[in-house]
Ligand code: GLC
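Before any questions on how it binds or moves, here is one chain, the form predicted alone, in structure tokens.
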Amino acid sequence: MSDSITKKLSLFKKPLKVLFVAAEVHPYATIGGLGMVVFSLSRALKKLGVDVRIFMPKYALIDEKKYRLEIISEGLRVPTDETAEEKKFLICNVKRYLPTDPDVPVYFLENMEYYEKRSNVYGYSDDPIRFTLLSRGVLEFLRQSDWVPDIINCADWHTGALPNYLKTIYNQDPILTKIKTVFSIHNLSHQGVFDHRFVSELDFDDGKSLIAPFFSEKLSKQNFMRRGVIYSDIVNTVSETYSREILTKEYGERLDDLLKEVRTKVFGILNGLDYRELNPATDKLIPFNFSISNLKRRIKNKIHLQKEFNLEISLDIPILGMVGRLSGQKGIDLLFPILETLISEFNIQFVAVGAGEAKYRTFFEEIAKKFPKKVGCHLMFDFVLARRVFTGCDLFLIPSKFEPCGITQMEAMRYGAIPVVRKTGGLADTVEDFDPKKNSGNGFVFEDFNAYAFFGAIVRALETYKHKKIWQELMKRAMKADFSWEVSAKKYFELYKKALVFVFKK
């Protein structure tokens, strides 16, 4: 960074103040990787001296007694832009929780109708209202707050209205006008409650009009992923490769032309892992702890996994594992023509954990019935069981059609399982293909999205598995890979500084 820019940055108050706004945050409400990212990244930024805080909805599942919430703003009037007097405002409260390890304050937007009466985080027809309320509620709260961030880091389409409001309705507000926004894309394929791939010309949202009133039918047809990209100061994705892929037709989800237009503000930063929690030497969720210097103890976890799924107990039979959402994105279709052959011809075992679409559940259920001593399935989400798959399987399969970042391949490597992945998104950034000549790499990679390419990568892995000394070295390289949040947090810190520099360019 040049001396002139550094000098300009010194004009800002220290420490840097960052507010994360997200629909979900671990451990308060966690559905997917997004919640874990906000939790871990905020903690890592705190260690760098950033004054970081979090803002999220207060869902019914959040236990006030457990988290000792205190009310700090009562009767917050959030404008809806409706003309009818009785609909002009939604009344909310803001409550705060002050954890001690680490000290990252969390603000909760409370509203009886849209959050507290709902048993789920997502999946409602009025989700556009619920998350537009979150976006505007944050801004209304900050207008009366004694703490105002330098940066608001928004996450996915749920918070895409926030930078839109900030640059339009609130662009003259004396308190909010200096705030810069970073819009983090965790998965471009989710752009609202509508299918963005099939939108009529009449319903198409170019993102240039004002955000519709809360109770207007038009609100549910507005594309807040598009609006987040347009109005934010910085756009980032959760891996470097994915930030380039989304500029193409294949991965751009019909936003590729827009993203190419604003490509100078598009960056990619790989998600990280919480190495304090994900530590095979101390993890209380796995049956037997082990370390890179004592891999023999890991064998006990393999036996435990075989017993848990009632598989044949054998150290010589390689276990192939899968953990995650059962969807087309994850490339499970590639298993349809090859899994039965693998099980029959190569004497392997297969374990799958995850929930999702019916056709994938049916596929796994049927193959488990056919090979009861070789296939084990738990077709629902189970955080603990997933950890046991990481620590007990030999190969971990992620043949994704696209993968913005992917966390499971990093978790698997941390616990000594060798990933077999397609070269896309974060998988390409984290897994290096094994080279037998150089004895290098930490996994097995294939490029074309087809079953034969996937089959070939698995066969290469199974042949390598026969050579125990080489396999041990491969496991150690995988476990040594550094995906800690400390590395990624420093890159986010630099990204925030870039966003602040944009102030001087206008």
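Computed from a predicted model, the values in this text were never measured in an experiment. Residue positions are given as counts along the sequence shown, with the first one as 1.
The form predicted in complex with alpha-D-glucopyranose (GLC) is left out here; the points below concern that form.
- Taking the partner from the other structure, alpha-D-glucopyranose (GLC) in the model of the complex has no heavy atom within 4.5 Å of any heavy atom of Gly321.
- For Asn187, a non-hydrogen atom is located within 4.5 Å of alpha-D-glucopyranose (GLC) in the model of the complex, even though that partner is not displayed.
- For Asn271, a non-hydrogen atom is located within 4.5 Å of alpha-D-glucopyranose (GLC) in the model of the complex, even though that partner is not displayed.
- In the model of the complex, alpha-D-glucopyranose (GLC) sits within 4.5 Å of a heavy atom belonging to Gly406.
- Proximity to alpha-D-glucopyranose (GLC) in the model of the complex, defined as a heavy atom within 4.5 Å, holds among Val431, Cys393, Val238, Met413 only for Val238.
- Here is the short version: of Lys374, Arg325, Lys95, Lys221, the single residue with a heavy atom within 4.5 Å of alpha-D-glucopyranose (GLC) in the model of the complex is Arg325.
- With alpha-D-glucopyranose (GLC) omitted here, the record of contacts in the model of the complex names 28-36 of 63-71, 474-482, 28-36, 461-469, defined by a heavy atom within 4.5 Å.
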